[in-house]
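Shown here is one chain on its own, the form predicted alone, set out as structure tokens.
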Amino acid sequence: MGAALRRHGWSYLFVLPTFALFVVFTLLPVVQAFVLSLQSARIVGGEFIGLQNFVTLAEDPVFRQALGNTVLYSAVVVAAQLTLALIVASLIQPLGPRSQTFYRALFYLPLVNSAILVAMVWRWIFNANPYGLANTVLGVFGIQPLLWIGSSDQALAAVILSAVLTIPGGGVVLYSAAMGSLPRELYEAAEVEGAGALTKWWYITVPLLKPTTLYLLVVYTILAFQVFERVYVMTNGGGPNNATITIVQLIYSTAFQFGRYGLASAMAVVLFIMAVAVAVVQFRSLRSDVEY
């Protein structure tokens, strides 16, 4: 142990600054959130109340609705984004190097835009008046205008649709890069056996991309659990009538509008546990020993 420390001591010194930043700005806030979740904490002062905040959440219909909305949004959006990214990357892969680079950049470009700006564009698209873009398109086909984000029954579907119709550029780039590293020998062997393009894609490409799929699945799920800007801008913070309220939106309003930091911390702890539990299930389901 001592010899190893002397041999690699300088390595730990190089890692120390990054680790210190991680402790100060990530680890300590997480621990503090757990501590606050057990208190009746406000702007000034607080007292230990044990698990009472979690009991309050279990009995709160707004939190249950936020939980359901978050889970529904995440399930639909993550599945759609993974599927779209895989399909688009598969369509790009047969092209030449220059064309691949162009389309990768084209699909990645929207990611550099502000999330607020993108949400504002979707708010205009789903404007409830007859002159919103979505209703204008429906009018071309003779369909009556919909209320979209102005209706309690349609608002959440509109928010989900706005996310589904946004092709995930990061996933396209990662899938495309992963496809470029797949061994050609497997495809050549499949061609000798008479396999078609779709058969090769389903039985060779998709299984070999499992590590990339797992990474994207975990990342996209965590991001979906944290959805905030899209809901905040498109529906004025979870409206109408809390129809689109999500956990992060509720954490924000509970902490910074009503000053109930203990209760908001309890919500954050629930969200953290959800994310960890789902990630563990995803790893156990999709982990692979594939090497190529």
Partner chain sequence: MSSIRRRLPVHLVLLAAGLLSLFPLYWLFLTSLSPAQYVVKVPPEVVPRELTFGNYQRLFDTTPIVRWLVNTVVIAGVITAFHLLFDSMAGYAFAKRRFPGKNVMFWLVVSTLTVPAQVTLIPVFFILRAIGLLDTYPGVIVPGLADVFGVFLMKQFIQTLPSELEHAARLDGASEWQVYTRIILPLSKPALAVLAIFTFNRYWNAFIFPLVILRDPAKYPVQVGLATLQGEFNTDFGMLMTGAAVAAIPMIVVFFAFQRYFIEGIRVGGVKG
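Residue numbers count along the first chain shown, from 1. Predicted model, so just to flag it, every value in this text is computed and none were measured. Throughout, rigid core stands for the largest set of C-alpha atoms superposing within 1.5 Å between the two forms.
From this point on, the text means the form predicted in complex with its partner chain, which you will not see here.
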Of 238 to 246, 259 to 267, 49 to 57, 65 to 73, the segment with heavy atoms within 4.5 Å of its partner chain in the predicted complex is residues 259 to 267
Query - Output flag, L38, L138 and P211 jointly within 4.5 Å of its partner chain in the predicted complex, heavy atom basis - result: no
Check whether W201 has any heavy atom within 4.5 Å of a heavy atom of its partner chain in the predicted complex, and answer yes or no.
no
**Study point:** A79, heavy atom within 4.5 angstroms of its partner chain in the predicted complex
**Key:** no
**Study point:** Non-hydrogen atom contact A197 with its partner chain in the predicted complex at 4.5 angstroms
**Key:** no
If we define contact as a non-hydrogen atom of the residue within 4.5 angstroms of the partner, is G170 a contact of its partner chain in the predicted complex?
yes
The one residue among A189, A177, I143, V206 placing a heavy atom within 4.5 Å of its partner chain in the predicted complex is A177
Applying a 4.5 angstroms cut-off on non-hydrogen atoms, the residues of 221 to 241 near its partner chain in the predicted complex are I222, L223, Q226, F228, E229, Y232, V233, N236
- Query: Cα of V269 displaced 2 Å or more between this form and the one not shown, core superposed?
  - Reply: no
